[in-house]
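We begin with a single chain expressed as structure tokens, specifically the form predicted on its own.
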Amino acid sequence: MNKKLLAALLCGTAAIGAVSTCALAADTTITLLASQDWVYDAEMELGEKFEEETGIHVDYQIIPADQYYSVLMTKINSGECADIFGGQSGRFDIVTQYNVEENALPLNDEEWVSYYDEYAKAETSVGDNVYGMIYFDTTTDFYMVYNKKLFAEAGIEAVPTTFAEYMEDCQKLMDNGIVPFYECTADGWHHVMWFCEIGGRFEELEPGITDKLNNNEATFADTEMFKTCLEQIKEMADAGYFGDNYQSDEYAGMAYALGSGEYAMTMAKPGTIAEIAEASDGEYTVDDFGMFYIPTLDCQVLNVHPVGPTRFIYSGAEHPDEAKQYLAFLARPENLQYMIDNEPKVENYPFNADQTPAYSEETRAFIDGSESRGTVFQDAIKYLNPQWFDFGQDIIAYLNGDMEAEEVLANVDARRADQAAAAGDEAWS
């Protein structure tokens, strides 16, 4: 059916002024700017349904992850940003990184805010205003995902609980012709999780370190456990446990790499297991995979990550009302369920809309069996998440022998100081 005719029919008996508005919507295209891997195919399918219902077309503008922040800030600073832009949430970062009070519209009056998860709301708000909608599964995080069959074939009887045990298991896998871990540094972000995701372990080893870092009473460079963590990452890479191509491998290839049986482990969200099983062409089922804690620094603390990729409506949006319509459409209970049912990486969303999560028994058992939990450092520490890709580049330089661990950490401190100064943070004054 012709979209203009459909729009007219949808307007029905509305008042003349409303008909005019609705007719205009039929010719409207809203733009959505996002980093790679933030917009799933299932959402694009919903976008087509949204267009059928409203006549509003959604133009998804996807940018490579390692270029995204630079592109986004260029567009915001030039006044030419998309109607909807993606960014990481976090109560510190949405102010210092995106300046949402100036660059995004408040969304308090939107119906979905009434059933938006309180933790998600806190991480996307400034004062009393909600500025963003997390559209990512933040109800679980990235854990160590492993192939039970490959572990058994290599003679590994139990998951490792220390870094030393993990390294021993990696060598057993290597000796059995299996690459232990699928690392993918080409995207610029995945390898940083070895460090940032174990924030709860850092706090466990040095109680109070989070507050000290946030109050400028401690630095990364002067804290020995941070250096040890980087050294362990390098130890894995130097031993060949990431494979020969980890610096060119990409996150998009993860499911196929694990599904092929060539790799035994990766770091991924639980929902990825279904994707891996599907990519294996029947070789494996979801029951062939399990999870354990990220092993750096002998971590046995479940990493909790209440923030994630978020949708903001640009304050200078050409079509702000239509952009709000799109977010409202995505947040409808039936559309949240559509995403859960049709995107393997999504097991739930941070809304209380009576949606049915797709958690597997393995996921529930793993999460419920955790005796200790801790917030990831990118959420807990000021001025860390905004430099994620810079930190990642420095880690690569360190792995390649072009930097020392102390230099990597000193750079983290220097960038934090620069951001603190820009934010007028009194703790750095």
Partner chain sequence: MKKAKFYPWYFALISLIIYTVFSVVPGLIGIGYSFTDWSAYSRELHFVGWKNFAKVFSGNSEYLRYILNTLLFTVVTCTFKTGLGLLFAVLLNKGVKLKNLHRGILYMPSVLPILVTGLTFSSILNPKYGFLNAFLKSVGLGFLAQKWLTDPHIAFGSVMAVDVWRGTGYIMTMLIAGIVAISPTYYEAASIDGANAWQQFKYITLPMLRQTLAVTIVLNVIYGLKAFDIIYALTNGGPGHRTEVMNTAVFNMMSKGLYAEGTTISSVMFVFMVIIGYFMVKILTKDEVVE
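Residue numbers count along the first chain shown, from 1. These numbers were taken from a predicted model, which means no experiment stands behind them.
Just so it is clear, the following notes concern the form predicted together with its partner chain, a form of the same protein that is not shown.
Asker: At 4.5 angstroms, heavy atoms only, are M144, N348 and A380 all close to its partner chain in the predicted complex?
Answerer: Per the other structure, none of M144, N348 and A380 touch its partner chain.
Asker: May I ask you to choose, among E51, D66, D37, E45, the residue with a heavy atom within 4.5 Å of its partner chain in the predicted complex?
Answerer: Checked against the cut-off, the match is D66.
Asker: Of E165, E262, E206, E343, which residue is found within 4.5 angstroms of its partner chain in the predicted complex when only non-hydrogen atoms are counted?
Answerer: After the contact test, the surviving option is E262.
Asker: With the partner removed from view, which of 116-124, 300-308, 68-76, 228-236 is the stretch that lies within 4.5 Å of its partner chain in the predicted complex, judged by heavy atom distances?
Answerer: The contacting stretch here is 68-76.
Asker: Verify the contact flag for A422: yes if a non-hydrogen atom of it lies within 4.5 Å of a non-hydrogen atom of its partner chain in the predicted complex, no if not.
Answerer: Yes, A422 is a contact residue.
Asker: Whether Q337 contacts its partner chain in the predicted complex should be assessed with a 4.5 Å heavy atom distance threshold; does it?
Answerer: Q337 lies outside the contact set for its partner chain.
Asker: Does any heavy atom of Q393 come within 4.5 Å of a heavy atom of its partner chain in the predicted complex?
Answerer: Within the cut-off, so yes.
Asker: Quick one: does T96 come within 4.5 Å of its partner chain in the predicted complex, counting heavy atoms only?
Answerer: Output for T96 is yes: heavy atoms within 4.5 Å of its partner chain.
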